[in-house]
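Shown next as structure tokens: one chain only, the form predicted alone.
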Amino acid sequence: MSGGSRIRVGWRASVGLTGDVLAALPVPLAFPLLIAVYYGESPVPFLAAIAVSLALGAAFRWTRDPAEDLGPREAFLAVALIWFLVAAVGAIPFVVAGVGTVANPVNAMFESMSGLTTTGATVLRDFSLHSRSVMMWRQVIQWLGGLGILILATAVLSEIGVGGAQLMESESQTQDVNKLTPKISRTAQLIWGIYFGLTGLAIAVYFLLGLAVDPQMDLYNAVAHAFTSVATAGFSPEPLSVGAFHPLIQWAVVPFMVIGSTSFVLIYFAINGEPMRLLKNEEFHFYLGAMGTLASVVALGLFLDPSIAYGPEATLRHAVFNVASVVTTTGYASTDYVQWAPAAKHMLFMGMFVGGMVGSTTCSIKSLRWLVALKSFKRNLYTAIHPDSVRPVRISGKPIDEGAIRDIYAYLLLSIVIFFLLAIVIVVDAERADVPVTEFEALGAAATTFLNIGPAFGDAGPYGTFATFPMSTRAVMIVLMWIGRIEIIPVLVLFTKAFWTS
């Protein structure tokens, strides 16, 4: 730091924790490695990634100072380091495999960051070029990213002690982590168990439906899509996404996207005999209400559009599926909605900004922030007429701290500013590189990468690719996906002098 200020952040604790995570990466890497062996494909891409993750993990752990505790600042630094470095290691199999667009290091980093942040935007052009093991690695990193730091917390809580709560709250932006059990490690394990259980249930449902109605949904595809539907992530080994499968399977995917985007704390209570805590939750009502309203409007628009010839069931299915996909930030598609009328596409664009519930696998703004902002706005209108009144903002009957409301306004303002700046960068850089991109397509690409949604519109639509954007734009998008997944402020504070010295 300049001016001789002493660093007051226990960076060794953060780097040491990052080393723990990197050293644990060979465990998930073993899964695509086994897939490669099973299908007779090259295991080298995954062996290379395992070697690098072990080496980096050992080096980072060597720097640890046992005297440094993991407080809020160290948690912010650790979360930022972990998300970036895990994505970097995750890119290695794509580069080493050396096939297709992701053989380029920038594209590989884009694909890996998109996977880990559960964005679901892809730079692949030809899916048929890639081995089944490499395609499964895309699914695995999305599953890891969906649960995020909770897996990490479970793995290392015994070492970081009370810092585990700081870490979970920094990543999940929720104070609910202490609501299940007094012990943070036990809480992480319970949520991990729910995540595993939902993934296993999705595998069983998809595979059994595949046996009944669609042989293309074999065990490989059932596992691949279970990984990315519960994680609300969106990658698919199929170029047509979930649209490649029977309508019954498309319907079956919807509830898993919705559940993945629901608070895991409330799901736990519902499973354990307290469903009313979920059913009476105002954020849950807002989340489902926003999704249902958008789906109804899109369905009505498609019914009235003479250029759409889906039939009643298909019209309703495509409206419900694709609205649920964007609101939950999953990013799957059941059809190429780029072909829809502008009004329907603009409704999907609006849905990108909603997001699911806090404490879930979802991204974007999240329903709770919109609900608090709307109630705060309503309160401000009331107090403008009754200036002497005291009227706290309440969610599910509980008052919201005024400081939390200010934080939400700050987050919304920052999100809007970054979103528009990214859209401007896309337009200007595309024009510089002579790539045709409309303003709406630029806005869609900015929203879908920064808010970690998935496909956008135009060439970056559900059946398209982000490889059409200039390389420099893709590099910016990599950073924005990283910032968006960590929810902006924990990253931005790292670039302030006060964070390091005061």
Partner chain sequence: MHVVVIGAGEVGTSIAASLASDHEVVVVDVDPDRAEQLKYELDVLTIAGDGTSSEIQSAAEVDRADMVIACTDDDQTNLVACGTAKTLGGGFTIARVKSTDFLRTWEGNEGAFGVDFMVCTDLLTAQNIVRVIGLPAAVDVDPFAGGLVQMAEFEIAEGSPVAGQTVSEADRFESLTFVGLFRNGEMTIPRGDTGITVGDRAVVIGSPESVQSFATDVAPETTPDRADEIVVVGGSEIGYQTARLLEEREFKPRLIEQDPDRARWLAENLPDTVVMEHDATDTEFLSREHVDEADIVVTALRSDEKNLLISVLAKRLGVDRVIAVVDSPDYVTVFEEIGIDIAINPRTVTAEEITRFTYESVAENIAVLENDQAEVLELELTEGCGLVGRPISEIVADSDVRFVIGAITRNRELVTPRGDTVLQAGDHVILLVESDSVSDIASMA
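What you are looking at is a predicted structure, and each value in this text was computed from that prediction instead of being measured. Positions refer to the first chain, counted from 1.
What follows is about the form predicted together with its partner chain, which we do not show.
K.L.:
Answer with one of R391, R186, R406, R432: the residue that has a non-hydrogen atom within 4.5 Å of its partner chain in the predicted bound form.
P.N.:
Exactly one listed residue reaches within 4.5 Å, namely R391.
K.L.:
Going by heavy atom distances of 4.5 angstroms or less, which of D126, D218, E274, E402 would be at the interface with its partner chain in the predicted bound form?
P.N.:
Checking each option against its partner chain in the predicted bound form, the one that comes within 4.5 Å is E402.
K.L.:
Can you tell me whether H386 touches its partner chain? I mean in the predicted bound form, with a 4.5 angstroms heavy atom cut-off.
P.N.:
Result yes; H386 sits at the interface with its partner chain in the predicted bound form.
K.L.:
Taking its partner chain as it sits in the predicted bound form, is Y382 near enough to touch it, meaning that at least one heavy atom pair lies within 4.5 angstroms?
P.N.:
Residue-level check for Y382: yes, a contact with its partner chain.
K.L.:
Which of these stretches, 102-110, 307-315, 83-91, 393-401, has heavy atoms within 4.5 Å of its partner chain in the predicted bound form?
P.N.:
Flagged stretch: 393-401.
K.L.:
Counting only non-hydrogen atoms and a 4.5 Å cut-off, give the residues of 445-478 close to its partner chain in the predicted bound form.
P.N.:
Nothing in this stretch is in contact.
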